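Consider the single chain below, provided in structure tokens and representing the form predicted alone.
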């Protein structure tokens, strides 16, 4: 099969697909009687990535597969195309998300112990509705509290292939957006760049001395 045609098919599929595509999904585009040769799709992706060097988009691999995305240096201009109001996240929401990302699996009570304030139920609900976190199990202690972890959607949104790509905590000390009052200074650059609603930052109250 013509390598140029394979590259064109892969490029068109990634542009048309609403979600990232895995190698298996891309291979499934080719009928059984006209399969892409072994390694051809990987080669097409490599060539497409190289071809983006001088373009305003890039081909990246995230947790759910491969996708084209706008490059950071032109994002501010392209973002004007999006007329929907940008979601706002409170300081409490972002700190909770950062704790789950770095300390997962973690219970709501453990989050409260670290932050020193009770976690508003709406904070967890908002993150679950955004599909950034999910219940991954239950702690084997009285009450069996839910353990929270991040999802592939979280990784995809922040442009990460895996949790191993989260920046080391030592690199995050100079991020001023959240000024988190935590035992460690954390929040991934992607999280820090999310819009923070300072008007809602005080929505939570002091946590009880004993939480679960």
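As the structure is a prediction and not an experimental result, all values here were calculated from the model. Positions refer to the first chain, counted from 1.
The following text describes the form predicted in complex with a further copy of the same chain, which does not appear among the structures shown.
- When a further copy of the same chain is considered in the predicted complex, residue 31 lines it closely, a heavy atom lying within 4.5 Å.
- Taking the partner from elsewhere, residue 23 is found to have every heavy atom lying beyond 4.5 Å of a further copy of the same chain in the predicted complex.
- Under a 4.5 angstroms non-hydrogen atom cutoff, a further copy of the same chain in the predicted complex lacks residue 39 among its neighbouring residues.
- Remark: residue 46 does not count among the residues lining a further copy of the same chain in the predicted complex, judged by a heavy atom distance of 4.5 Å or less.
- The partner is not shown here, but in the predicted complex the stretch 1 to 34 reaches within 4.5 angstroms of a further copy of the same chain through a heavy atom at 1, 4, 5, 7, 8, 9, 11, 12, 13, 15, 16, 17, 18, 21, 28, 29, 30, 31.
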